[in-house]
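So this first bit is one chain, no partners, the form predicted on its own, shown in structure tokens.
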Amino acid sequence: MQFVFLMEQVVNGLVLGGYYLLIALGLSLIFSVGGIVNLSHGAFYALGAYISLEIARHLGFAGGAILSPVVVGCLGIAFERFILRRFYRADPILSLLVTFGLAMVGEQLIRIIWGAAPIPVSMPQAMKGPVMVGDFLFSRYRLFLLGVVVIALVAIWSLLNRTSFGRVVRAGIQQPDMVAALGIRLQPYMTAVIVLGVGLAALSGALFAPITIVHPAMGAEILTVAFVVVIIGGLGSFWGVILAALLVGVVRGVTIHFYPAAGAASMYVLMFAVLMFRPRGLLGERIEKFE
């Protein structure tokens, strides 16, 4: 029974890792292509949760989960066009300051519009209840979330590796000067990457709202974890972020099983251990700044 319960915690850790993955992957993609460390990424995650609540009142949970990333993606277009575009060639500290300020503005706007009190979110009725898999007992909704994360991951991988869009983006990450010499403008691709990144954050906010607490500061809280995942995986590494997110999720899940009070600290211990032996992260690559 102890082993069965431990395996259940491992699966819950994988779900938690998938939660981190959707946020950290978008953060890593934006940095890889644009050289921008987007400190406002958590604000888009929080907006995704709140906007999905508003849409769900009229179109149900599925409508909120589908349309919320679209709405936030449109906000991402304006974000890139009017704010980020000014800082691609500027000192990185300027983009840090601007996105940090935008994160604070976003949080205060959420407080003004929706209030400061936490908002409870109910999961769909069809997704409630447990599922027995052999001797293992799992939450039906958590298994659904794990399936959505896998589908999203396969879709992103296919986009980056099986399409002309992905080939240009990967070339822009590795050899931006060569891409520019070929007459290819990276600007539209950067806009698309921003939309994809903030859309993933919004999707995470919408889907995980029923198992987390929806409140104005939720973006700031998850941003710290997202940066830990990106640092462990390696800046700019697609597979590194995936490995790190799942590793952090499982480590936290298992740690909570044995030492509940040390759950949050476990990911920082893991980060310290990885950086001691691998300063670039698990699969870190050398990234050239977007020009």
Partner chain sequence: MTDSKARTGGISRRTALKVGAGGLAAGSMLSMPALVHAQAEAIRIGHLTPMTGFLGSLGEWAVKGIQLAAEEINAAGGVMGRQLVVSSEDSINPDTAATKAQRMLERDGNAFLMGEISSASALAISQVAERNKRLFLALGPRSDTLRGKSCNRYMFCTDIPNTVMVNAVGSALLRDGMVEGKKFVTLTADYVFGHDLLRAAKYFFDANGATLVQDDLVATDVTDFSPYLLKIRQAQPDVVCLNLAGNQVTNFVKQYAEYGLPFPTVGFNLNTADAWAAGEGNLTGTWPTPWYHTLDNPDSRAFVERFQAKYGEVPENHAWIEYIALKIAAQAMEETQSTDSEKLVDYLESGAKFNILKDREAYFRKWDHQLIQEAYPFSVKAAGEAKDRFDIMALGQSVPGKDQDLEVIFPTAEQNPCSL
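Predicted, not measured: the structure shown is a model, and the values here were computed from it. Throughout, rigid core stands for the largest set of C-alpha atoms superposing within 1.5 Å between the two forms. Numbering follows the first chain given and starts at 1.
Just so it is clear, the following notes concern the form predicted in complex with the partner chain, a form of the same protein that is not shown.
Just one listed stretch, out of 72-80, 106-114, 190-198, 164-172, contacts the partner chain in the predicted bound form at the 4.5 Å heavy atom level, and that stretch is 106-114.
Checked against the partner chain in the predicted bound form, the candidates 93, 155, 132, 181 yield a single residue with a heavy atom inside 4.5 Å, and that residue is 132.
Checked against the partner chain in the predicted bound form, the residues 56, 37, 247, 256 give one hit for a heavy atom within 4.5 Å, which is 256. In the predicted bound form, no heavy atom of residue 220 sits within 4.5 Å of the partner chain.
Proximity of residue 150 to the partner chain in the predicted bound form: non-hydrogen atoms within 4.5 Å are absent; the residue sits far from the partner. Within this chain, residue 138 lines the site of the partner chain in the predicted bound form, having a heavy atom no more than 4.5 Å away. Within 4.5 Å of any heavy atom of the partner chain in the predicted bound form lies no heavy atom of residue 186. Taking the partner chain as it sits in the predicted bound form, the stretch 187-219 comes within 4.5 angstroms of it through a non-hydrogen atom at 209, 210, 211, 212, 213, 214, 215.
Residue 267 shows a C-alpha shift below 2 Å between this form and the one not shown [criterion: core-superposed Cα displacement of 2 Å].
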